[in-house]
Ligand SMILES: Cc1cc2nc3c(=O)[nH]c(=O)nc-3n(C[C@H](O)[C@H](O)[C@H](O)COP(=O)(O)O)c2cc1C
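Starting off, we have a lone chain in the form predicted on its own, written out as structure tokens.
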């Protein structure tokens, strides 16, 4: 029993060490209207590899993507079918891969090292410009949460992932950042790296950074 308790404590400590609490989201002080953000929204494929995103920018970006905007109701900035909230966002950076926890406004490390290359390629095709972006947000849909036929569940997950990607696009337009919605990535290798369950699918990704 004592040994079991020790293992539980050690596991808790390990999880605590790898969780990084982000600054509270600022909810954008750009003053830009939605109309203006829509007008400026664009797909960029050239990033300034010398400029990183700060922790405040990353917090604001992730909140816009899939953050909590109504804490009393536990509702998100992005709608999901049947309110299943099946979307997760993973941050691939130069140093590691982390999972965003909207309720704790934190990042939990799931892998060490730079794995952005997995988001730049699929079999026989590669887009090297992704490696110039300081972070790549990988949008994962857990379609197992839907009690629906497989094709319908996949469709709902893909739609919800697209909404999150558009949230990212509009945030970047308002903040003067560069991004592009992409489906190209090594989904099998990413699923293995992240330890995803069979129902969890990497659907889209958005590299994010400053324009070159």
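This structure is a prediction, so every number in the text was calculated from the model and none was measured. Residue numbers count along the first chain shown, from 1.
Not on display, but discussed next: the form predicted together with this ligand.
For the options 65, 174, 58, 180, the one in contact with this ligand in the predicted complex, meaning a heavy atom within 4.5 Å, is 180.
Put simply, of 196, 204, 19, 22 only one has a heavy atom within 4.5 Å of this ligand in the predicted complex, and it is 204. With the partner omitted here, the stretch from 66-74, 141-149, 47-55, 183-191 that lies within 4.5 Å of this ligand by heavy atoms in the predicted complex is 183-191. Using a 4.5 angstroms threshold between heavy atoms, residue 127 counts as touching this ligand in the predicted complex.
Although the partner is absent here, residue 43 is a contact residue: one of its heavy atoms lies within 4.5 angstroms of this ligand in the predicted complex.
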